[in-house]
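Just one chain is shown here, as structure tokens, and it is the form predicted on its own.
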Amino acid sequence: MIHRIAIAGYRSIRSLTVRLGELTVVTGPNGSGKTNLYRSLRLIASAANGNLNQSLAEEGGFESVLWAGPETIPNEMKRGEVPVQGTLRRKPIALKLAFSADPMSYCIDLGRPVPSNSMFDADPEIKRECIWTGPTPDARSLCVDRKGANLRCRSGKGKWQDIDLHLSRGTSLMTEYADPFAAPEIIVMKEQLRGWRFYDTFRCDSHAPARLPSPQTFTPVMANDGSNLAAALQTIREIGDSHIVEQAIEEAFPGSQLYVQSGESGMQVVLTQPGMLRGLTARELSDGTLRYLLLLAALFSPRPPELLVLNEPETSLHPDLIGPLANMICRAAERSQVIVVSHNQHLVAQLERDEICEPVRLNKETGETIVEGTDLLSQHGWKWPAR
């Protein structure tokens, strides 16, 4: 389970540490930094998948994702007594992402590369990358340590071993080195991150992949775009908890039944409703109904992830479906750690009723994303590894 995430130098986030629970609900007004928190988690996962630089490029490039405010914000500036202006920089420009978890934790520190004649100088360079045990990185807890292109790993006897490998400047050590004997922690961390699952803004338009027939293939994990929705739902019925699916359908659409039919073109979802002489396929369902089915398939996967992150799952749902959605999320949190990013107060209120829910309310202060209700004590115990 992830206990904390730490972010520094990313868009509206100058420096932020957020405590997580089994079910964490992130909310706040528009522009408060909810999406930036969500994207930062995706960036951490992209390091394990080998596409960190590609993900940053899709966001506009390294320079565009950096914190654009002053390095420090004095109290006079926060009170409006002096204008917001640049201060004398004392630390190097950096984008830092990290999380502390059981059994192991991870951080990555990205910075500007040494200028050269390359056309790819806009790509960032990994300055430091660490894996450790325990809540914070220190000399005793570190087990994998990267500085620039150099890598060292701690042996089973506790001694450091330098790895004879020159790491690429923008590629995570998780994609460049794998040795189950010299550094099993790297393999464990890579698999942990690759197991994180993100679902964000399912397409429900007339040409959405979820409206098309699915290949007739065993599907324990639904694709991010819902293109295998029918196969995923049928897999849940066959090897998962079919009762919980029926319960979720009854809560949302009383008297309705969901089933999957197969044909020459593949598998497709059919929903029968009271008073109708035939069932409706995915092509005929409303946007809100289709989205609900997509969320159902994502939340009740027979192969639950360690971490499931939902970004504004309430989009296009009728208010009557918010309660059933909240119930599904709470059930999913019994099997996976769940993070929900939402500004729908009805959904937030429903989720906060669950005793395992950890509410996180973001806001902006002098252009900086902050967590409401926190103080310096709540940030105690976190320290970034020095370059």
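Remember, predicted model here, so these are calculated numbers, not experimental data. The numbering used is simple: start at 1 and walk along the sequence shown.
Another form, the form predicted together with a small molecule, is not on view; read the next lines as being about it.
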item: Non-hydrogen atom contact Leu66 with the small molecule in the predicted bound form at 4.5 angstroms; value: yes
item: Gln350 within 4.5 Å of the small molecule in the predicted bound form, heavy atoms; value: no
item: Heavy atom of Arg11 within 4.5 Å of the small molecule in the predicted bound form; value: yes
item: 4.5 Å heavy atom contact, Pro29 and the small molecule in the predicted bound form; value: yes
item: Stretch from 351-359, 332-340, 34-42, 318-326 whose residues place a heavy atom within 4.5 Å of the small molecule in the predicted bound form; value: 34-42
item: Contacting member of Glu312, Glu306, Asp123, Asp287, with respect to the small molecule in the predicted bound form [4.5 Å, heavy atom]; value: Glu312
